[in-house]
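In structure tokens, one chain follows: the form predicted alone.
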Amino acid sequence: MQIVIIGSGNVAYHMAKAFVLNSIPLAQIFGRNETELKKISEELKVPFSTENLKDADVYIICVSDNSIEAVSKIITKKDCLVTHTSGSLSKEILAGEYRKSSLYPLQTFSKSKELDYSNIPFFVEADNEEDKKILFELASKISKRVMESTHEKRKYIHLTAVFACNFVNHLFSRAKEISDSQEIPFDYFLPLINETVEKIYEIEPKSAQTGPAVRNDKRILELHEQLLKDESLQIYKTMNHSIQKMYNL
């Protein structure tokens, strides 16, 4: 089976690396950014091109959501399976006469960060059982967590991921702004962050909640608000209101 990955960003890099590490041959990595493609190619020993898309049985499109439709049009072969890695978009966004599918890896990707691919959940969607089988077999060689998903369910999976990952990381950034303003090393907070994450492996997040909002400690809440301004103050008030509403305080 000939497989081509299209893209040169974080997802494309990690998908290609996961394939190579699990002895799944890649025929090519294709994209526009020659500099990044060359780096990936040299590291993973996979051919790349910015001009000639190789004939393949499976094309995996790993580009930003707003580029998927345009990129999908460069695939003119009809007898092939094309899949994208978007968490929110329908497989019907793929604009071709080929067989359409999605293969969504539930993870945040950065090229500089090593990942254990075997623990990354993959969600598969395809029109027929044969294509589902192809994607399941590929994903199962990489990960022990592979399941079928509809587009409707995948939208909620991605939404959950935004709350659990993107929003949380933004709060880390805001927290670091506060610690930096007082010349407090942010790495002093890493044990607290680690414990918070590790705790939810054993305790439901709602049961693990601590802090002044869930204690309804108005004195501390008001004190904190006096220390903040602008967006950070708005976030503080919004988060505390949400916490107290969840616990009917």
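In case it trips you up, residue 1 is the first one in the sequence shown, and so on. What you see is a predicted model; the values in this text were computed from it and never measured.
The form predicted together with a further copy of the same chain is left out here; the points below concern that form.
*Okay, which stretch from 130-138, 74-82, 144-152, 94-102 lines a further copy of the same chain in the predicted complex, with non-hydrogen atoms inside 4.5 Å?*
In the other structure, the partner sits against 144-152.
*Using 4.5 Å between non-hydrogen atoms, is T35 touching a further copy of the same chain in the predicted complex?*
Taking the distances in the predicted complex, the answer for T35 is no, it never comes within 4.5 Å of a further copy of the same chain.
*asked:* Even though the partner isn't displayed, in the predicted complex is I243 close enough to a further copy of the same chain, meaning a heavy atom within 4.5 Å?
replied: Close contact exists here: in the predicted complex, I243 approaches a further copy of the same chain to within 4.5 Å, heavy atoms only.
_Given that a further copy of the same chain is not shown alongside this chain, does E222 nevertheless sit within 4.5 Å of it in the predicted complex, heavy atom to heavy atom?_
E222 lies outside the contact set for a further copy of the same chain.
*Contact between N216 and a further copy of the same chain in the predicted complex at 4.5 Å, heavy atoms?*
Yes, N216 is a contact residue.
*Heavy atom within 4.5 Å of a further copy of the same chain in the predicted complex: which residues of 169-195 qualify?*
Stretch hits, in order: N169, H170, L171, F172, S173, R174, A175, K176, E177, I178, S179, Q182, E183, I184, F186, D187, Y188, F189, L190, P191, L192, I193, N194, E195.
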